[in-house]
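Take a look at this one chain, the form predicted on its own, written out in structure tokens.
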């Protein structure tokens, strides 16, 4: 199998297809994750195991799979790209996945989402307090996992992951604050900064941790972080497109879910700030407290006609080009970064 790196160069997959890589990551990281969750006190363990899909609400075993494992895959791929042994970075990969799931538990509460991975969200099953503190426990467990490894890179990795959590929280706070502002009161620059903090920061941190565990210098670590952040912005742009035009059979959410929630996502803000008649129409629709199906359909058309869809697609491509440029600073021979490129292509070529 071959894939491109975003510059037009094609690379042989050599078994590094993204799905195969994600499967290998699951196999490597899942035992470490399960061991960590097993160490939690009983009630917290039960919520966490349910959230990860490994137990039903009554505590009996389940066969669910906890997401795609994209972030831990980035850790291991970054380590390999810089000549390190991915086996020594498995704990760091597990820590990143624990932080990601801490954010999911909290996001589901904040957003009042009732479904995740085709089952009721943890807070709807166990209540908000238990889901909230289970998320807190996962964050603490992540930092403890890093320190317990005893790797020379662990202190720097723990400091970087802790700073990333603060940035994630700032991004989530900004996203929530946008909901309280008028449809024309959020700028595109603000929205991009929020997306980088909320999504790009953890992907960047994952790549940076992989670099640290490969023994890379500061410049390479920074370039890897920048690669992940730019790829993360591309990921968020595609995710926002899916939030408007995603097929419910694939997303598990109703059509136009982000429009139903009046979410100020990137394509929406691009349309609102376009200065077009369609942007003005969209602003009026966003002032409706309870949009009907007809309003949601009109809003989707307005976003597209105001250029929001085209802008988001072009911006995603531009962010991926920037990501590849940053990656080339860390790994001049991009052939050595085939796994990272495969993962980046995977997250930006999702259909909707």
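Because the structure is predicted, anything quoted here is derived from the model rather than measured. Numbering follows the first chain given and starts at 1.
Keep in mind that the form predicted together with a further copy of the same chain is not shown, yet the notes after this line are about it.
Looking at residue 248, you'd find every heavy atom of it more than 4.5 angstroms from a further copy of the same chain in the model of the complex. In the model of the complex, a further copy of the same chain sits within 4.5 Å of a heavy atom of residue 43. For residue 106, a non-hydrogen atom is located within 4.5 Å of a further copy of the same chain in the model of the complex, even though that partner is not displayed.
At least one heavy atom of residue 158 is located within 4.5 Å of a further copy of the same chain in the model of the complex. Partner contacts here mean any heavy atom within 4.5 Å of a further copy of the same chain in the model of the complex, and among 227-235, 164-172, 270-278, 87-95 they occur only in 164-172.
Among 239, 130, 196, 190, the residue placing a heavy atom within 4.5 Å of a further copy of the same chain in the model of the complex is 130. Applying a 4.5 Å heavy atom cutoff to a further copy of the same chain in the model of the complex picks out 176 as the lone residue from 175-192.
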